[in-house]
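As a starting point, one isolated chain is supplied in structure tokens, in the form predicted alone.
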């Protein structure tokens, strides 16, 4: 297959040849006899989107059995605890499968889902392990053992985490800010980090997702990652308390973060909604210090987090929405910042998920790519350009018709 006249990551027009499911050539190419030809029409081609943080087990459950009326993180946890009582493998697979297909339609091919393992039967995890295998030809699904109600603060929390590791999760999680005490918080992170190190697994921690400036789980996580040599295998998600840290503490913390070389995921759509709920005015933005982390050379991604569930009463899974809102929320509206922002949902999360060896538009790598109905990312972002083609190993797995706008005056 020859894809003609496309702009790879916004560069000058070029052609792409795909053979046997991999990128064979990139440049100014002539068609071979009988070769399938796709006319790119000067459109933008990117590596597929990578979703670094979503909760597929909870998706599409908003209002069931009750709505989160306060809009807070903690009421969301209460509502989900109610919904967990009626979980079944079939229920989770049906909802998660629908959400994944939506994400693929919007350009994703790799998804990291946190899965609640504070369930003695691990129903959601068992369901998503099955779904991971069933959809492997279309999407790379990573699963995080996520202790929604705590490790030390939930009955048999440690045993459930170990059981989740036995069932085949890709990552070990934690939620230090939700543990009963500071001592529990530190103990939970010690346990999680050592479990990940012993099992050779990645880590992704819900870390300091709270407005409390005294919530310092991140320093513990970074210190353990540094001590154990886990480095880029570790991701700190949310870290919204960082938006409330004073400058002196943040400056000291930043040195440790750079030494540890951990990844970060911000979830600007959901956290702008959940955080700052008990503030009067001024109200906090509820996001971590994305700009400062990027400027320090740390790897930062944007996640969707929740899709129509107890923490987010809206949502489709379209990562373009997260970038668009995230740039406004984090005040990263400089022209070059906008042009580079596609990296928050492509190369940066690919690095956090540890899939860079097979990711990117380079000769010899799997022919996974998307075509957007725009010439540049700037225009694609500004005009909500659809992903008109999502290709995996050179095969079209999702398509959307280009938008036609007409004005009659």
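Numbering follows the first chain given and starts at 1. In this text the structure is predicted, and so the values were computed from the model without any measurement.
Here the subject shifts to the form predicted in complex with a small molecule, a form of this protein not shown in this document.
Answer range among 72 to 80, 292 to 300, 165 to 173, 192 to 200 for contact with the small molecule, defined in the predicted complex as heavy atoms within 4.5 Å
Comparing against the small molecule in the predicted complex, the contact stretch is 72 to 80.
Would you classify residue 274 as touching the small molecule in the predicted complex, given a 4.5 Å non-hydrogen atom cut-off?
Result yes; residue 274 sits at the interface with the small molecule in the predicted complex.
is_contact(residue 264, the small molecule) in the predicted complex, heavy atom dist at most 4.5 Å:
Answer no; every heavy atom of residue 264 is more than 4.5 Å from the small molecule in the predicted complex.
Can any non-hydrogen atom of residue 209 be found within 4.5 angstroms of the small molecule in the predicted complex?
The answer is yes: residue 209 has a heavy atom within 4.5 Å of the small molecule.
Is residue 179 near the small molecule? Define near as a heavy atom within 4.5 Å, in the predicted complex.
Because no heavy atom of residue 179 falls inside 4.5 Å of the small molecule in the predicted complex, the answer is no.
Triplet 55, 148 and 306 all within 4.5 Å of the small molecule in the predicted complex via a heavy atom:
Result yes, every residue of the spot touches the small molecule.
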